[in-house]
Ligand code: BDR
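Read the single chain below, which is given as structure tokens and is the form predicted alone.
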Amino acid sequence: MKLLLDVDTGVDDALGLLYVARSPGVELLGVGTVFGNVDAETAAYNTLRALEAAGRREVPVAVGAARPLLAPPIAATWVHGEDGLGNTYLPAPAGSPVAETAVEQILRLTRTHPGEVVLCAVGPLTNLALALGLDPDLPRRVRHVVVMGGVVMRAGNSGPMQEANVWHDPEAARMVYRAGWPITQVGLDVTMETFLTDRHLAALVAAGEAGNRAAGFAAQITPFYLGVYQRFLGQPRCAMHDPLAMGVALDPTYVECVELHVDVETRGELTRGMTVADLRGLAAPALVKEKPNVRVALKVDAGRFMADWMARILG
């Protein structure tokens, strides 16, 4: 598998990067960064830190969009820490971002490997939208797009019905959802069923103390993130949003999906950033005029995914 990641590396992005970088059978072509959890440049250096912890210093990291298409950026540092990695303020990585931008990287790699690249985006979708604007033929060259974003059947996390990545740049998300390429949405419907717990963290700490660098890195950055979730959920566990999306990019069988027509609200006073799925497609498809354009994940085998994630990190 040829995989290209688009990230806004905070804690859960980093946990996903460790998983992908240590997974066999995956050719990680590159990683692009975008604003979101932190600014795009900080996200790039956090990405380099995660890749180095996983022993994958050779993977190129490109800095991408610094702001949404129309609105000012809003960082989620209260969730991920001021540094994006749980306020650990780790030493600078040995490597540096490459000269090309994340958008240039998307266009170059999909031209080099037409029809082969799986593009997994786990931050705001601005880089993908900018690439579409530069090259309308891009969807024909991408094998599959996996998006960590959106929500259909449960509450949002940036508003009553809004998920954060889509909410950060609804105009970009609308462009991506309307582009005509194969999309799988791995949203809050399944990521809020997939948790790293204090028991997982204890195992990571033990492995890190025994010399496992990837586990030690995960154990360092996770406590702040876990603490944020514990305050809201009342339990010592944190959602594995981005790791699950990356896992689905590698193994779609972690989730069960339905095909629905999904669009993004950009103007609603109360609903801007909402992923609007035509749920009539579940019960009365004949009522839906638009063809399904998104595979929406609604069920997840969270236990199997977390077992596999732990095995990658501890192995």
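Everything quoted here is computed from the prediction, not taken from an experiment. The first residue of the sequence shown is number 1, and the count goes up from there.
Keep in mind that the form predicted in complex with beta-D-ribofuranose (BDR) is missing from the display, and what follows is about it.
Task: beta-D-ribofuranose (BDR) in the predicted bound form reached by all of Asp169, Gln185 and Val294, non-hydrogen atom within 4.5 Å - done: The answer is no: none of the three residues contacts the partner (heavy atom, 4.5 Å cut-off).
Open item on the list: Although the partner isn't part of this model, could you tell me whether Ala131 comes within 4.5 Å of beta-D-ribofuranose (BDR) in the predicted bound form, counting any heavy atom of the residue?
Closed with: The answer is no: Ala131 has no heavy atom within 4.5 Å of beta-D-ribofuranose (BDR).
Task: Non-hydrogen atom contact Thr126 with beta-D-ribofuranose (BDR) in the predicted bound form at 4.5 angstroms - done: Thr126: no, not in contact with beta-D-ribofuranose (BDR) in the predicted bound form.
Task: Close approach of Thr47 to beta-D-ribofuranose (BDR) in the predicted bound form, 4.5 Å, heavy atom - done: Result no; Thr47 lies far from beta-D-ribofuranose (BDR) in the predicted bound form.
Task: Interface membership of Thr275, beta-D-ribofuranose (BDR) in the predicted bound form, 4.5 Å heavy atom rule - done: No, Thr275 stays farther than 4.5 Å from beta-D-ribofuranose (BDR) in the predicted bound form.
TODO: Mind telling me which stretch in 92 to 100, 237 to 245, 199 to 207, 110 to 118 gets its heavy atoms within 4.5 Å of beta-D-ribofuranose (BDR) in the predicted bound form?
DONE: Correct option: 237 to 245.
TODO: With beta-D-ribofuranose (BDR) left out of view, choose which of Ala164, Val152, Val145, Ala219 has a non-hydrogen atom within 4.5 angstroms of it in the predicted bound form.
DONE: It is Ala164.
TODO: Using heavy atoms only and a 4.5 Å cut-off, determine which of Asn157, Gln230, Asn212, Thr88 is in contact with beta-D-ribofuranose (BDR) in the predicted bound form.
DONE: Selected residue: Asn157.
Open item on the list: For the stretch 4 to 34, I need every residue with any heavy atom inside 4.5 Å of beta-D-ribofuranose (BDR) in the predicted bound form, listed N to C.
Closed with: Those in contact are Asp8, Asp12, Asp13.
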